[in-house]
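Okay, so here's just one chain, in structure tokens, the form predicted on its own.
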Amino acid sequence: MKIIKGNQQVRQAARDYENYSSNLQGDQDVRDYKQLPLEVDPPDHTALRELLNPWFSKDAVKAFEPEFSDIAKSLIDSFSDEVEIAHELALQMIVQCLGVVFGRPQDVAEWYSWGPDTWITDEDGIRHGDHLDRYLLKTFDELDEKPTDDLFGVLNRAEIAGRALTRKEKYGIANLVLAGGRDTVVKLISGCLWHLAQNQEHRETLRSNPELIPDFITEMVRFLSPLPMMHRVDVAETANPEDPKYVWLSFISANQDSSVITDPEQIKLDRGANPHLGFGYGRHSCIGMHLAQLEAKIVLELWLEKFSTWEVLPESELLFDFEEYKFIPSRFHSLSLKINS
């Protein structure tokens, strides 16, 4: 498996779609369509991303801050002595905020039932997307009969290059915005509270100086690398388009590159300039990054306002399986906290 590592090397490859193409379909075990605009190159990528920009721009997301704060406050106020963060706080926050942004609060409970990964793994360890297929079919059938002005309703009527989107294109966009920013933001919010449980100095500094929380979140995005790698088609090595040869862009290596980041294995509140690639880079940088950062900011502000100390309980399930970076948690299956005050 070819892997591109290093901050500058990954930046260069992420921009070079002619040699490292995003024109592929991932998750072939659970879907038969591309996630859009993630899995196409320009000019299609540009046109499709423009459909979503009005919903995910920094200003558009910022307008929802009061509603997001109400969601976070309601969740945090419901906790007493112990709480499992990954599902009871992070995932709940994510899907409820999506309900606000997408204008579909009626679907929040169903989205939550899918869990952090969207894809469901059965008892034999085999993933499937039957539940998501049923949801997309039902949703867009209903929108054909009764148009709406929510995100999916607008998407159902959208056009690119003077033509209507196909059903599979609609599914591909809906899949991306429903699946993206779930496990990654669960990891970000969980990771922030995990670190602060163990670092009294950082905890007290942020409680006294909440204006530092956005920079702390940026640093945690770098350190955690919620999406550690992403693959591209290696055009030079692909002789047959039906048998693509892949290359992996290692965002985690870029975020741990000591040639551009001083002491990258450390979490610093005063890092300042932070050339991380935690949200990707270039045209395919994460379209939901403003949403993710705002969700995490609101949760941390309200959590630190209410609680001063907490500890990680032994029943928490964390994985540390990055081969080169064993000090970075790769996944929070669960993060159980005991709240002391």
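Just count from 1 along the sequence shown to find any residue number. Predicted model only: the values in this text are computed from it and were never measured.
Not on display, but discussed next: the form predicted together with a small molecule.
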Notebook entry, point to check: Would His284 count as a contact of the small molecule in the model of the complex, using a 4.5 angstroms cut-off between non-hydrogen atoms?
Noted result: yes
Next item on the list: Look up in the model of the complex whether Thr184 has a non-hydrogen atom within 4.5 angstroms of the small molecule, and give yes or no.
Entry: yes
Next item on the list: Indicate whether the small molecule has at least one heavy atom within 4.5 Å of a heavy atom of Met230 in the model of the complex.
Entry: yes
Next item on the list: Decide whether Pro226 counts as a contact residue for the small molecule in the model of the complex under a heavy atom distance cut-off of 4.5 Å.
Entry: yes
Check: Among 273-281, 60-68, 26-34, 299-307, which stretch has residues with heavy atoms no more than 4.5 Å from the small molecule in the model of the complex?
Finding: 273-281
Next item on the list: Identify which of Leu98, Ile213, Leu196, Leu136 has a heavy atom within 4.5 Å of the small molecule in the model of the complex; exactly one of them does.
Entry: Leu98
Check: Among Tyr171, Phe152, Phe251, Trp111, which has any heavy atom within 4.5 Å of the small molecule in the model of the complex?
Finding: Phe251
Notebook entry, point to check: Should the three residues Leu89, Leu91 and Gly191 be counted as contacting the small molecule in the model of the complex, with contact defined as a heavy atom within 4.5 Å for each?
Noted result: no
